[in-house]
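Quick setup: one chain, the form predicted on its own, written in structure tokens, and binding and motion questions come after.
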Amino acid sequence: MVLVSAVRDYVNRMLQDISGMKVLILDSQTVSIVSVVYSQSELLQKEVFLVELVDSISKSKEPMSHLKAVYFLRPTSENIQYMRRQLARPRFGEYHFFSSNMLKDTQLHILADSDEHEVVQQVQEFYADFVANGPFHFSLNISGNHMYMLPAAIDPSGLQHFCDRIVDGIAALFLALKRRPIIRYQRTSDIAKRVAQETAKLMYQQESGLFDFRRTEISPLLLIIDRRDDPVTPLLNQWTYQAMVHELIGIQDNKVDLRTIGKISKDQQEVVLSSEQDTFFKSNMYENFGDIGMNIKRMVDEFQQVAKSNQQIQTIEDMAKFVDNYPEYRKMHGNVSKHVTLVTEMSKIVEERKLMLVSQTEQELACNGGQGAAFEAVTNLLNNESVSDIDRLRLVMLYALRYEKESPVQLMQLFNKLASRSPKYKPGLVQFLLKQAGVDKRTGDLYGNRDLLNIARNMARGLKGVENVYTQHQPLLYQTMESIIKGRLRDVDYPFIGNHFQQGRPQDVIIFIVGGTTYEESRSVALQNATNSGIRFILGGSALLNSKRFLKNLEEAQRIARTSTSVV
């Protein structure tokens, strides 16, 4: 459990060495970092009786000298100013400051100068500056994630801020793993190149001493790629459990907000979906929707058996046994109703939006040729009253990405139909996507029709047939991992930074996608790691996408590009 345990270890070390009652003070980003690896009950066990945000605690004046304050913050100038003001009038008995990344000397001086009352017990760097969504998957949750689509000239300081956050996150990850990587990047992407160069500069020049772990084994590989090389994956509907929940309802920091859904009991309004805390979810997160229904039925049956045995209380011993088992029973009850609620809600959405029909065409567009049939299928769905606006838009985008060169006339017909059927989406958005991620911009063999090996593989797959029509799509990342395992990742497409080259096959590969990752890709990584190929893959990204978030980023970038006069 690489990433989750790395962050958990840091949180453990922060809390266990400080005895007595504590208040944990976080910022808007470290609250996500802690919440995905640590539950509230675990914090209570560590005598944390209060969790506060650093900006809201500034407004309170009430002294609490009986509490020890544990600050875990990102080393931003804003947070350092909060600390400075709070140390000027200390409310707590002791202050322990943990930074999620490297502190600058100037920041240390500010903290030292502010501690006039000598209440600061320690200042440490604990490199947990990323959200560990799973054992091999992390995100940086960057709010301005659309920045990667904009030319540098439009908003230089915004883009610099975006790049800095990515470099910080990657640096923290490698400091937590105690490794320094060899760095490669996608040649056709300016932003991937820039992130790679700035990361290398930090690790090999500015902070080379900090990253020199004197390890003898082969260096890990850090590969930085651009989301626009595979715009298809974030546009598709999903049919495996975790990915589907994120696509249809939304997952934020392993939590699902169910308040918008009809009548739901108070304790089910926000539920946690974590493979660490929920064994049913752990064993089913990558299963397809059909199997989930069967497995949930089995879980309900087991629960009913337990409930039935609890009704047969006849003796004092039975009563004592029931009381002992009650917490477990309550937990089981909560778990069953959580998964039943999620699957019921998703079934409703699938039915309302006719997603089985829509998804079949999506998968055909992503995986198989046949332009004529595809045009007809998309046209029929655009005319179908039950198909929602967002699904129409995604279908036209998937068609455009696939056939932009082959059928420009029919593409224009689809643009016009989309404009008349779903007027809130201007065709300009599809054109903007092609400008961003069209065939001329991409490096990888997205549709398996450039490379002879891929063409042969696709033909073989077509002859064998597909096990499940809804999950036949493989993200481009899958091919990238295969190329790395076989030592076939071409230097010309993915050059090395500086004169640091790979000596032999790496055992650890970290793939970072500028622009964000999807749960479909994280599933691909987990399944690949389970094959024991001798290489362990870790996936990271600037954000965690579903189709709604990807389209929102696209719209935001298009809006800024339109209003900016400096676009050439």
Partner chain sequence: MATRNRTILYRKYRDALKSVRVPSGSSPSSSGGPVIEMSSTSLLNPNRSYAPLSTEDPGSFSKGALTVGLPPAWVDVSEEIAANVQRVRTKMAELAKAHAKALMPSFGDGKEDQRRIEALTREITDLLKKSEKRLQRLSAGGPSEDSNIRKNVQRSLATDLQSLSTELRKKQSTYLKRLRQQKEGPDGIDLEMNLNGNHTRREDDDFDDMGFTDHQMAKIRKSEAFTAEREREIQQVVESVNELAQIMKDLSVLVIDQGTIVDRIDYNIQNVAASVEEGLKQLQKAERTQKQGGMVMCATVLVIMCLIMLVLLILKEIVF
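Positions refer to the first chain, counted from 1. Nothing here was measured: the structure is a model prediction, and the numbers come from that model.
In what follows, reference is made to the form predicted together with the partner chain, a form of this protein that is not presented.
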{"query": "The unique member of E125, D493, D155, E482 whose heavy atoms fall within 4.5 Å of the partner chain in the model of the complex", "finding": "E125"}
{"query": "Heavy atom within 4.5 Å of the partner chain in the model of the complex - the one residue of R421, R84, K435, R91 that qualifies", "finding": "R91"}
{"query": "Contact segment among 341-349, 232-240, 186-194, 248-256, judged by heavy atoms lying within 4.5 Å of the partner chain in the model of the complex", "finding": "248-256"}
{"query": "In the model of the complex, F501 touching the partner chain (heavy atom, 4.5 Å)", "finding": "no"}
{"query": "The partner chain contact at A6 in the model of the complex, heavy atom, 4.5 Å", "finding": "yes"}
{"query": "Non-hydrogen atom contact M294 with the partner chain in the model of the complex at 4.5 angstroms", "finding": "no"}
{"query": "Distance check, S524 to the partner chain in the model of the complex, heavy atom within 4.5 Å", "finding": "no"}
{"query": "All of Q160, C163 and L221 with a heavy atom within 4.5 Å of the partner chain in the model of the complex", "finding": "no"}
{"query": "Stretch 36-57 - residues with a heavy atom within 4.5 Å of the partner chain in the model of the complex", "finding": "V36, Y38, S39, Q40, S41, L43, L44, F49, L50, V51, E52, L53, I57"}
